[in-house]
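Below you will find one chain, with nothing else, as structure tokens; this is the form predicted alone, and questions on how it binds or moves follow later.
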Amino acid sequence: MIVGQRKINLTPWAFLALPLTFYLIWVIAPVVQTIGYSLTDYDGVTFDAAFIGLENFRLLFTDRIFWTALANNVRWLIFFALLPIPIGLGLAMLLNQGYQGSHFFRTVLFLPMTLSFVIIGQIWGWIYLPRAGALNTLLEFIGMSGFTRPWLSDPGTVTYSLIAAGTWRQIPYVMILYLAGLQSVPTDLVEAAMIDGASWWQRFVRVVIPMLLPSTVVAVSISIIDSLRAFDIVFVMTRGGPFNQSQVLANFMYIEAFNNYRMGYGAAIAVIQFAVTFTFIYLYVNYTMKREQAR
């Protein structure tokens, strides 16, 4: 196609037309629709929806359960950054050595990722049983009965118990990302550093870690997203209880929208959740890219 004196190649746009159309229909349109619902009192059942402006957001910011859910999401975020990333990297480094049986251990360690959240919830629900649960039984067996407790009904431990179950599933995903990243680390660079007298730790910090930056960006970004949209584990194991102490934004949104028939209020929660997630991802990726360009 020629416009004026310029020849425009439409072939790339022809290939992008279909995926862009699906993206607009299945991603952009629902986001816009959700924002629209958040400004109404829509109940999700009838066709009547009066425009109420920012009233849902005003009520939301005075809702004690919302602040509890937001605080729990922050806890999920902190622990998903502190635990799966270093543990997944450590496991990837061990399994990348190529020793006999490493492929078997890769399969076994990746197994939690193949399980649905319903199954994971059942497994960890059994582990956390107050009387016959595996965790309390183990603590009693090793003489630490003073640490036993009803993990899922104690407001002080329930959120951290759920995070532990979520972390168990998140670690294999991070491990696979780092295993893939380690395949792209040039062995000649590592060998050159070894010849120059660099210790294992120096080779790891100065050579391997910088080469794993793309994998780290993906791993941290996915962990942030998964922590802020945590829903399945909470819904299966506690429904947000006891007394809403394990509530998270996604579960709170589901209850308000589909159980309490406050679709507009639930949409407002979803908008806040999207804004928080987007902000964290943007800040992290922007910081990482600026730090890389400064090198």
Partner chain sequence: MSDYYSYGDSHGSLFRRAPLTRQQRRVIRTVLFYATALLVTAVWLVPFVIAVFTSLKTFSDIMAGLSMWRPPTAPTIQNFFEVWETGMAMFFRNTTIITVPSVIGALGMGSLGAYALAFHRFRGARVVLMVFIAGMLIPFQMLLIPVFRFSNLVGLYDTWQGLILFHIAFQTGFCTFFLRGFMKTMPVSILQSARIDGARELLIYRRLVLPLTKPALAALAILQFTWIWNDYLWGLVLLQSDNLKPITLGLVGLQGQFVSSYNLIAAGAIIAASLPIAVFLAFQRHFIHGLTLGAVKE
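For the two forms, the rigid core is made up of the largest set of C-alpha atoms that agree within 1.5 Å on superposition. Positions refer to the first chain, counted from 1. Nothing here was measured: the structure is a model prediction, and the numbers come from that model.
Just so you know, the form predicted together with its partner chain exists too; it's not on screen, but the next bit is about it.
Exercise. Is it the case that Arg106, Trp126 and Ala132 all touch its partner chain in the predicted complex, with a non-hydrogen atom of each within 4.5 angstroms?
Worked result: Verified in the predicted complex; spot residues all in contact, yes.
> Among the candidate residues Leu59, Ile65, Ile52, Ile35, which is the single one with a non-hydrogen atom no more than 4.5 Å from its partner chain in the predicted complex?
Replying inline: Contact check passes for Ile35.
Requested in this report: Please pick, from Val220, Ile163, Ala193, Leu95, the one residue with any non-hydrogen atom lying within 4.5 angstroms of its partner chain in the predicted complex.
Outcome: In short, Leu95.
Margin query: My question is simply whether Leu115 lines the interface with its partner chain in the predicted complex - judged by any non-hydrogen atom within 4.5 Å.
Written below: Yes, Leu115 sits close enough to its partner chain in the predicted complex that at least one of its heavy atoms falls within 4.5 Å.
**Report entry** is_contact(Leu70, its partner chain) in the predicted complex, heavy atom dist at most 4.5 Å
**Finding:** No, no contact at 4.5 Å.
Could you confirm whether Val234 comes within 4.5 Å of its partner chain in the predicted complex, counting heavy atoms only? Flag for Val234 set to no.
- With the partner left out of view, is Ser145 within 4.5 angstroms of its partner chain in the predicted complex by any non-hydrogen atom? Because no heavy atom of Ser145 falls inside 4.5 Å of its partner chain in the predicted complex, the answer is no.
Even though the chain is shown alone, can you say which residues of 14-38 have a heavy atom within 4.5 Å of its partner chain in the predicted complex?
Phe15, Leu16, Leu18, Pro19, Leu20, Phe22, Tyr23, Ile25, Trp26, Val27, Ile28, Pro30, Val31, Gln33, Thr34, Ile35, Tyr37, in sequence order.
Fitting the rigid core first, would the Cα of Val32 be found 2 Å or more away between this form and the one not shown? The answer is no; the displacement is under 2 Å.
Against the rigid core, is the Cα displacement of Leu283 between this form and the one not shown at least 2 Å?
-> After core superposition, the C-alpha of Leu283 moves 2 Å or more between this form and the one not shown.
After fitting the core, Tyr23 CA displacement of 2 Å or more between this form and the one not shown: Yes, the C-alpha position differs by at least 2 Å between this form and the one not shown.
CA-CA separation of Leu16 and Val217, closer or farther in the predicted complex than in the form shown [shift of 3 angstroms or more]: Compared with the shown chain, Val217-Leu16 is farther in the predicted complex.
Relative to what is shown, are the Cα atoms of Val285 and Arg75 closer or farther apart in the predicted complex, where the gap shifts by 3 Å or more?
Residues separate in the predicted complex, at least 3 Å farther apart.
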